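Next up: just one chain, as structure tokens, the form predicted on its own.
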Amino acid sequence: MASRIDNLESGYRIEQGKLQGAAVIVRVGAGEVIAVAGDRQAGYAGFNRALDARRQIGSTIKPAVYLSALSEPSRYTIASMIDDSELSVKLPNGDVWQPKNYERESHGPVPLYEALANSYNQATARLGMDVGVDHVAETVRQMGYQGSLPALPSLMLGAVAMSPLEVSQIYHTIAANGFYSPLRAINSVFTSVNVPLKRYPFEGEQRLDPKSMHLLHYALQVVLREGTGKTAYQRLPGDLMLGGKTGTTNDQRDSWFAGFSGNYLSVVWLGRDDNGMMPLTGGTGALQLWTDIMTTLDNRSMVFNQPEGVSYYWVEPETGLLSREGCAGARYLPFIDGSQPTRQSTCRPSAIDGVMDWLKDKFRW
């Protein structure tokens, strides 16, 4: 952490000593917190930002919005077209909420997985408003967040403050395929003569549907392969299956990345203690430290087994029509059974263009 923050300060001409950070590493499945860093200074015994700094989480919340939509397969699929155009929402107090994309551009209708992969604010806001603020808030709670959530559209874009540990709890439920287990740092407490005083046994429950979780895992892989997290694969093995999401708050005051392999989840936050602006996004800041961390771990590919009730089809994303392997632009996409497209395109397969080389061979029977 110290090395990366020094590098970012010099590379982006940030005033030396102003940038701070926090990170949490969790063992996926067991929910064991195996490493915490709460300050850029190793061994610092003061304020622990990983546990106690509550900052706006920005786009890090978006998987909850998309999971809420995917849990309604009669309405939304991984290939549903989401409108990424400008919108205005009048709030109960008379104010008007007008979310904008980071790059201040609109993209028109885009497939759902692409909207998440590229973290389009406008598309996410529309999707969340259609699904319902209450539904999204309940999904966040099912993931393990126990604090209060604003019943406002801005929740869709992360207008809620959490600590890195709280974000880790949410993302551990995602990494564990919808299985919630409270994070823990202590297994047992013993006396000096090895008499057990207290045990903290593993607890957990399946809170989220494995079918919709499988679709979300697909989209979170696209984040790292093609979207806002793709620089991670410049240093991580191409055959390692990873999922994750960047997070950038208004005026770039907070930089987040939460991502996981099959056995490790790491959550990273970077920012200033005075909440000042930074020239860093989630991708240019926190993702870089996350990648540093993940390169040092003995990672296994994330568990991505096709659950019963999910089938894969070749689809033309731009039209939503069933396609064929080898057709230009065709993608091999997962659908909850009964929600897949029924109309067939007229494309004629040609040489496979390789757009889905990172996944297309995994589900062949």
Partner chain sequence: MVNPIPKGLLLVVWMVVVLVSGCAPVYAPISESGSTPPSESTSPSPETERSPPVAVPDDEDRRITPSEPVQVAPGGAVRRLLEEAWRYNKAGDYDRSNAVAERALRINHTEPEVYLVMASNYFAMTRLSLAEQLARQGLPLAGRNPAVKADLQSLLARISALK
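Remember, it's a predicted structure, so these values are computed and weren't measured experimentally. Residue numbers count along the first chain shown, from 1.
There is another form of the same protein, the form predicted together with the partner chain; it is not shown, and what comes next is about it.
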Q) Can F335 be called a contact residue for the partner chain in the predicted complex at 4.5 Å between heavy atoms? A) no
Q | the partner chain contact at E32 in the predicted complex, heavy atom, 4.5 Å | A | yes
Q) With a 4.5 Å heavy atom cut-off, would you call D95 a contact of the partner chain in the predicted complex? A) no
Q) Is G11 close enough to touch the partner chain in the predicted complex, meaning at least one heavy atom pair within 4.5 Å? A) yes
**Q.** Heavy atom distance at most 4.5 Å to the partner chain in the predicted complex, all of L216, T342 and S345
**A.** no
Q | R141, R253, H135, R184 - the one with a heavy atom within 4.5 Å of the partner chain in the predicted complex | A | R184
Q. In the predicted complex, which of the listed residues (Q221, Q122, S163, S266) lies with a heavy atom within 4.5 Å of the partner chain?
A. Q221
Q. Quick one: which of 80 to 88, 148 to 156, 242 to 250, 124 to 132 gets within 4.5 Å of the partner chain in the predicted complex, going by heavy atoms?
A. 242 to 250
Q) Taking the partner chain in the predicted complex, which residues along 203 to 230 bring a heavy atom to within 4.5 Å of it? A) E203, G204, E205, Q206, H214, Y218, Q221, V222, R225, E226, T228, G229, K230
